[in-house]
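Single chain ahead, by itself, as structure tokens, in the form predicted alone.
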């Protein structure tokens, strides 16, 4: 007589699922970033925004959102916090005063320069438990997964399109 009982769901089904593992690693990555960068009072998204504004002065919020793959509505809060910290300034675009262009201030450039060793340390700590060859393999596979699944994101990465509009490349 065949067994028609459903297989019981166990926590192993959760703990070994890719989505769960990615979420846990994201939690760990943010925790390590915050720990290493606590003296600078920046989040990973604020850091990414500063890097982008530094490398693309005059970028607007919509293009910044596309470059760092962060939803536009939440990015407004990030920009406001960076402006309140006096790390960026918003200036009206010459061709359309409604559009605000983003620029790093001297304080923003200084914090970006000063935070780099801490960011590097956080990134290294994320991968430190792995052997060097495994780190390289993991990064190659994650890059491939992210690239191949980009369109499935709520906010697909559109860096090339956004930067092309600025007349500059990343």
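Residue numbers count along the first chain shown, from 1. Just so you know, these numbers come straight off a predicted model, no measurement behind them.
Form predicted in complex with the DNA: not shown, discussed below.
Peer 1: Any chance all of 23, 26 and 90 sit within 4.5 Å of the DNA in the predicted complex, going by non-hydrogen atoms?
Peer 2: Contact check passed for all of 23, 26 and 90.
Peer 1: Might residue 96 be said to contact the DNA in the predicted complex, defining contact as any heavy atom within 4.5 Å?
Peer 2: Output for residue 96 is yes: heavy atoms within 4.5 Å of the DNA.
Peer 1: Spell out, yes or no, whether the shortest heavy atom distance between residue 119 and the DNA in the predicted complex is within 4.5 Å.
Peer 2: So residue 119 does not count as contacting the DNA.
Peer 1: Find out whether any non-hydrogen atom of residue 36 is located within 4.5 angstroms of the DNA in the predicted complex, and reply yes or no.
Peer 2: Heavy-atom contact with the DNA at 4.5 Å: absent for residue 36.
Peer 1: Contact between residue 86 and the DNA in the predicted complex at 4.5 Å, heavy atoms?
Peer 2: So residue 86 does not count as contacting the DNA.
Peer 1: Is any part of 36-69 within 4.5 angstroms of the DNA in the predicted complex by a non-hydrogen atom, and which residues would that be?
Peer 2: Going through 36-69 in order - heavy atoms within 4.5 Å of the DNA in the predicted complex - the hits are 43, 45, 46, 60, 61, 62, 63.
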